[in-house]
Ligand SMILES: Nc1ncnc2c1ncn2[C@@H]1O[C@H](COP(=O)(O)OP(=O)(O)OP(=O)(O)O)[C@@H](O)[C@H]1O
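Starting off, we have a lone chain in the form predicted on its own, written out as structure tokens.
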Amino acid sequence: MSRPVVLSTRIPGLKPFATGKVRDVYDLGEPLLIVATDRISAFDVVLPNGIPDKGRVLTQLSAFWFDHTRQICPNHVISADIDDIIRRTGLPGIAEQRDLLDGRTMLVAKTEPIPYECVVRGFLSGSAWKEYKTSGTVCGVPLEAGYVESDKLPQPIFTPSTKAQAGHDENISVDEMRRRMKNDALAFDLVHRSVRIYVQAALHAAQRDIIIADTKFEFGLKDGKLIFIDEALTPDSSRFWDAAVYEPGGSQPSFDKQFVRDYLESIQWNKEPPAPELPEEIVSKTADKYREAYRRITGKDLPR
């Protein structure tokens, strides 16, 4: 049985520092408090009803991966335990909202975000497949002929994109990212660590019959050091496929909001606000997929 759906948060005595499609961020001075709600977006539009337990899956799965990859890159997590967060901050407003915030909240170090999404692809899918079909390239980098949709690539490739403040992100080449950053050492570090994190995570997931087709990471700088931030290898930031039914040559069933996208396509929504309300069956199936991703990857059920 899931907890009540959380579409927004209000913490007494605190004002949101930023509100994204899914997360509410509160500035506590040096640290930030990040709360993952159950909001869900599709085609860059937030839908009116949320997905039960989604925010808790995103937070707990991120905490798992941040811990699993900390030897490759330090991360921004101070604590993901609500009682520890209450003790550390001493803020009564957080204590008042304990039950709502439990499992979906992280206290993190503040960093200077690097304005690029670090996408690593191990399989040919999504926008990479569309570009390859058209030009034989991925983010401008030529690939051999003969690949089909969802094929495994010979080795993971790093395909960065800009982080747009409005509208869609822009896929760019590594060389273009390096030119824009004007910092070759930092650009190399982003590529190197991103690929290492992906490879380690993909090996872990493969042992649990999950394929991580691709994923996107975000990084920041703190005291000149590269820090892994935001979320880590969740169904919102990654394509998780079931290895038992994987078959190249078409799209794959995934552990994410594909049910939502497919439904919205089926009703021919114009992908402009306001978004339509989702039927209960679509909400329930999507929630099950998020929970299953958590269970398969961590080896345990989502805490109640």
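Worth saying up front: this structure is predicted, and the values here are computed from it rather than measured. By rigid core we mean the largest C-alpha set that fits within 1.5 Å across both forms. We number the residues from 1 along the sequence you see.
Absent from the display: the form predicted together with this ligand. The rest refers to it.
The closest heavy atom approach of residue 278 to this ligand in the predicted bound form falls outside 4.5 Å. Using a 4.5 angstroms limit between non-hydrogen atoms, residue 25 touches this ligand in the predicted bound form. Residue contact with this ligand in the predicted bound form: residue 152 places no heavy atom within 4.5 Å of it. The shortest heavy atom separation between residue 110 and this ligand in the predicted bound form is within 4.5 Å.
Remark: all three candidate residues (18, 21 and 230) come within 4.5 Å of this ligand in the predicted bound form, counting heavy atoms only.
Of the candidate stretches 184-192, 110-118, 129-137, 197-205, only 110-118 has residues whose heavy atoms lie within 4.5 Å of this ligand in the predicted bound form. Residue 67 is not among the residues whose C-alpha shifts by 2 Å or more between this form and the one not shown once the rigid core is aligned; its shift stays under 2 Å.
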